[in-house]
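One chain comes next, on its own, written out as structure tokens in the form predicted on its own.
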């Protein structure tokens, strides 16, 4: 019964918290750029407006892909709140990411096609990082279960600092922030218009936006596991991490996919391997 309650909380609170974070993100970004910015609730207003628009798609496959992407994102958050298996969470979110790419590839628009190809590159970049971070959790707790992580009495950040830094690469990519926002962006400032989301509009674009809110909560939830023993320190860690993401987004230019693969694979995976060796030797 307790697990069911946690799942319901995750499904209901996830998009609400994700939408508020998106609104705060836009306000802080506006502050960095010396402008007022939209209301904090603007993300909800945008989605409500999209849901009220006419349903228009290039083909029916895009509808299926949008729904699968949303269901996968919501399911991964539900599994996280149910304190399930990290590998299961990983594979469920990966299915959603693949279907999002397939939906973009279903359109003939060159913007959508190129955006989908770039998204595949991003998936290839961040998924090995996530797997290595989960391996780190296993080496510390002896299990891939989130419940086993919560049972630890000491913050994991002390044992896995380099893995947390590497997780920052995945966080930047999943949040679609510079310098890794070249498949699509939460800002309308890139050369591909909206990249792989160019051919989505109306209610189906709203579904993708809600799914993105779920993903934001999922990735921040993974960050929270590094300091689960104290709510105040956990909140401080998440706030500092997200503020750093916004700062990077506003101070760095978009890079190429080749630059991304080199940096994420060499630096990100390098940090992971060093930390895993440290855990093994310890």
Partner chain sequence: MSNLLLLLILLPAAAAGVCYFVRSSAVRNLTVLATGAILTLASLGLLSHGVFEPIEVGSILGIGSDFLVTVLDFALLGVIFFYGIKHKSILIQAFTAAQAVLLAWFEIVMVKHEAVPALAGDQLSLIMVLVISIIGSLICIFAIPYMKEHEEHLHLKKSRQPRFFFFLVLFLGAMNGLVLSNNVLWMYFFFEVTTLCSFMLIGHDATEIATRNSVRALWMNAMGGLAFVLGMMLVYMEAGTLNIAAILTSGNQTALMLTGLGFLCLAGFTKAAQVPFQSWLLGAMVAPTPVSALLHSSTMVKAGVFVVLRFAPAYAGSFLSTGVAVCGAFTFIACSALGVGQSNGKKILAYSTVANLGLIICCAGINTPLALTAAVMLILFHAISKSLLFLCVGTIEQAIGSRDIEDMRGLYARLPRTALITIIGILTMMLPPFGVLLGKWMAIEASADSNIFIVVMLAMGSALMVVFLARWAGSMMATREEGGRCESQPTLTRLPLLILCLGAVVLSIASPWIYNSLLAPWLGSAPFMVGFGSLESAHGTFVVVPLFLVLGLGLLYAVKAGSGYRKVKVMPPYLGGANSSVDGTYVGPMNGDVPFAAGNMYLGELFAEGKLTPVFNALAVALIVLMLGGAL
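Positions refer to the first chain, counted from 1. If you're wondering where the values come from, they're calculated on a predicted model, not measured in any experiment.
Not on display, but discussed next: the form predicted together with the partner chain.
Within this chain, residue 180 is remote from the site of the partner chain in the model of the complex, having no heavy atom within 4.5 Å. In the model of the complex, no heavy atom of residue 6 sits within 4.5 Å of the partner chain.
Mapping the unseen interface onto this chain, residue 61 counts among the residues with a heavy atom inside 4.5 Å of the partner chain in the model of the complex. Put simply, residue 220 is far from the partner chain in the model of the complex: not one heavy atom of it is within 4.5 Å. Checking 154-162, 128-136, 170-178, 208-216 against the partner chain in the model of the complex, the stretch whose residues place heavy atoms within 4.5 Å of it is 128-136. For the marked spot (68, 95 and 117), a heavy atom within 4.5 Å of the partner chain in the model of the complex is present in each of the three residues. Interface residues of 140-159, taken as those with a heavy atom within 4.5 Å of the partner chain in the model of the complex (partner not displayed): 142, 143, 144, 145, in sequence order.
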